[in-house]
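In the block that follows, a single chain appears as structure tokens, in the form predicted on its own.
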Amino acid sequence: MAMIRTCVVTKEFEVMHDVDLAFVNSPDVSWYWVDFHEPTDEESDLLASFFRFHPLAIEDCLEYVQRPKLDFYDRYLFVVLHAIAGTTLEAEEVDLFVGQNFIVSFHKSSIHAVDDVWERLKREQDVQQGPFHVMYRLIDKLVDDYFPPLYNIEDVLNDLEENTNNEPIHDIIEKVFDIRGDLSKLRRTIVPMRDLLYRIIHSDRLQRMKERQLYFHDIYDHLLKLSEMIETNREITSDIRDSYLSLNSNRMNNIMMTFTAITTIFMPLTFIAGIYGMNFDYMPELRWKYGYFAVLAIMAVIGIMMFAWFKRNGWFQLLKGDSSKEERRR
């Protein structure tokens, strides 16, 4: 639902919610937070007409999803952050304008992290900390929301490695590629956020945030852990993919070996049958009383001998037995 939410903290640290937007400029206000929650075009125009933010920053808010970044303006910072959207894992942009006595957030969709921090402020927690602490809270909550999707991916990978449900190989390979796609989406969100936090921590222009560096270092550590988890899971998916592709290739080789052996066994039998299928008048053994049975016996002996030789040399691998051995090895 489109709306503009306001939260005002007075100089007596009284928290006031949903006040008229014009009240934020009152001399009794210590600092304020205005949240553009799925704004309409008319509400978005207030970024220029009421707050007078820089046109380039406003353009970044209204256009397609930007890469996480930090821009410095005369009286405020402009920060682009990324949230993760539900099950799709697509990046959703959260824009912050952070000044000495205000923070303005802008997002085109409902963001759980923003709502959570907003409700926390409603309970009159952290009201004395100011806009930069709210900025820290928002970034921290956004990063915390990155963990559940990765933990879910790890659980799915563990199930695929064990394959307790005996799923077909092509189904497993399809799931592995889906997981790699999800990991790529997360990587495109987490790595730029990690770079952004590194810049925030090491920027000389953020003197007012020096006392909060420990907090931002903690978020940066979380992002490093997330990056490592992504790379580890990508390696695991590569190993699973290569293992199952090798297993599938091995099974195909066994099938081809079996078919080749069967074809080879029937080659001399077909040769013998072909000879006695010729319509020559003079073939003495055709008139022999036991000729038919002798030929059948010879063909049976040749077939059995060739089958025994192929089996002894491993040409008749039972695919089900190979699969069981593979499962036991894993």
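Residues carry their position along the shown sequence, with the first being 1. Predicted, not measured: the structure shown is a model, and the values here were computed from it. Rigid core here is just the name for the largest C-alpha set that superposes within 1.5 Å across the two forms.
Not pictured, yet referred to below: the form predicted in complex with another copy of the chain.
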| item | value |
| --- | --- |
| Residue (of 187, 133, 112, 122) lying close to another copy of the chain in the model of the complex, criterion heavy atoms within 4.5 Å | 187 |
| Proximity to another copy of the chain in the model of the complex, single hit among 29, 46, 62, 295 (heavy atom within 4.5 Å) | 295 |
| Contact test in the model of the complex: residue 255 vs another copy of the chain, heavy atoms, 4.5 Å | yes |
| In the model of the complex, residue 266 touching another copy of the chain (heavy atom, 4.5 Å) | yes |
| Interface membership of residue 145, another copy of the chain in the model of the complex, 4.5 Å heavy atom rule | no |
| Partner proximity in the model of the complex: residue 198 to another copy of the chain, non-hydrogen atom cutoff 4.5 Å | no |
| Site test, 232, 242 and 299 vs another copy of the chain in the model of the complex, non-hydrogen atom cutoff 4.5 Å | yes |
| Residues in 245-261 close to another copy of the chain in the model of the complex, defined by a heavy atom within 4.5 Å, in order | 245, 246, 247, 248, 250, 251, 252, 253, 254, 255, 256, 257, 259, 260, 261 |
| Residue shift check between the shown form and the other one, rigid core fit, residue 26 Cα at least 2 Å | no |
| Core-aligned C-alpha movement of residue 270 between the shown form and the other one, 2 Å or more | yes |
